[in-house]
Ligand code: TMP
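What follows is a single chain, given as structure tokens, in the form predicted alone.
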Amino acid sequence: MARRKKVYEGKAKILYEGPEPGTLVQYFKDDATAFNAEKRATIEGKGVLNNRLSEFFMSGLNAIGVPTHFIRRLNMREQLIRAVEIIPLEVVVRNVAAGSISKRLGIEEGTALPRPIVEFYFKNDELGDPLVSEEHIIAFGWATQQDLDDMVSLALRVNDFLSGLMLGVGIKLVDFKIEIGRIWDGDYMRLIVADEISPDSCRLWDIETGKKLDKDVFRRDLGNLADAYTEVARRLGVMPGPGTGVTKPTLIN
């Protein structure tokens, strides 16, 4: 596909103008970042894996009636998506204590939570994406109470879908992050799942061994990130064919 005008570039993806009004082309980069981009690397083939995995998850959600921005995959690194107005919040669902919740509340990592916990974080890299309450969200006009109710409902449906899918291949879904966007059909507004769903945005542990199969491999220097993502893709049956160029990471100084 011929390159179009760049609309936005983030840490892991680039958005280009789509071929039709109301669409975008989402390109998955090989960049890996952690700690608000203080740690960076290039993982050759990572974008290919995340493109295929996000396609797999988004297509599955669409099939069960959970609306997403995904339309179709275009090639090994790009997919066609609906243009949405992103709500400036990261929606995190936690099933097991890990990462920041363990640090904040002193809960031992690996502790099963009594119920899935939904958290909201304000999308702002300069502030470190701080945790915010529903009161903050409504007071500052980022979303309405009805939006929040709908976002929680969407997030829990995604959690049910992903948890079952991962359990079937011997993986525990510890937590995940999604973004949600607004689209309009005439005067009617609705919310849909946007951005991506991949090992970049999920914590995934092997059920038997506890081995990490997500970006914590990169954050904590636990091995080869490409190998971890490839293992997730292999188990789910979406392993890209040979010759995708997935190799060991090259650190950026």
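These numbers come from a predicted model, not from an experiment. Heads up: residue numbers just count along the shown sequence, starting at 1.
From this point on, the text means the form predicted in complex with thymidine-5'-phosphate (TMP), which you will not see here.
Trainee: Can you pick the one in 177, 82, 172, 73 that has a heavy atom within 4.5 Å of thymidine-5'-phosphate (TMP) in the predicted bound form?
Mentor: Of the candidates 177, 82, 172, 73, 177 is the one lying within 4.5 Å of thymidine-5'-phosphate (TMP) in the predicted bound form.
Trainee: Would you kindly say which of 164, 110, 99, 130 lies with a heavy atom within 4.5 Å of thymidine-5'-phosphate (TMP) in the predicted bound form?
Mentor: By the 4.5 Å heavy-atom cutoff, the listed residue in contact is 99.
Trainee: Taking any heavy atom pair closer than or equal to 4.5 Å as contact, tell me whether residue 121 reaches thymidine-5'-phosphate (TMP) in the predicted bound form.
Mentor: So residue 121 counts as contacting thymidine-5'-phosphate (TMP).
Trainee: Does any part of residue 61 reach within 4.5 Å of thymidine-5'-phosphate (TMP) in the predicted bound form? Heavy atoms only, please.
Mentor: Contact check for residue 61: no, nothing within 4.5 Å of thymidine-5'-phosphate (TMP) in the predicted bound form.
Trainee: Heavy atom to heavy atom, is residue 30 within 4.5 Å of thymidine-5'-phosphate (TMP) in the predicted bound form?
Mentor: Because no heavy atom of residue 30 falls inside 4.5 Å of thymidine-5'-phosphate (TMP) in the predicted bound form, the answer is no.
Trainee: My question is simply whether residue 219 lines the interface with thymidine-5'-phosphate (TMP) in the predicted bound form - judged by any non-hydrogen atom within 4.5 Å.
Mentor: Because a heavy atom of residue 219 falls inside 4.5 Å of thymidine-5'-phosphate (TMP) in the predicted bound form, the answer is yes.
Trainee: Specify the contacting stretch among 152 to 160, 110 to 118, 85 to 93, 133 to 141, defined as having any heavy atom within 4.5 Å of thymidine-5'-phosphate (TMP) in the predicted bound form.
Mentor: Of the options, only 85 to 93 has residues within 4.5 Å of the partner.
Trainee: Would you mind checking 40 to 72 for residues with a heavy atom within 4.5 Å of thymidine-5'-phosphate (TMP) in the predicted bound form?
Mentor: Going through 40 to 72 in order - heavy atoms within 4.5 Å of thymidine-5'-phosphate (TMP) in the predicted bound form - there are no hits.
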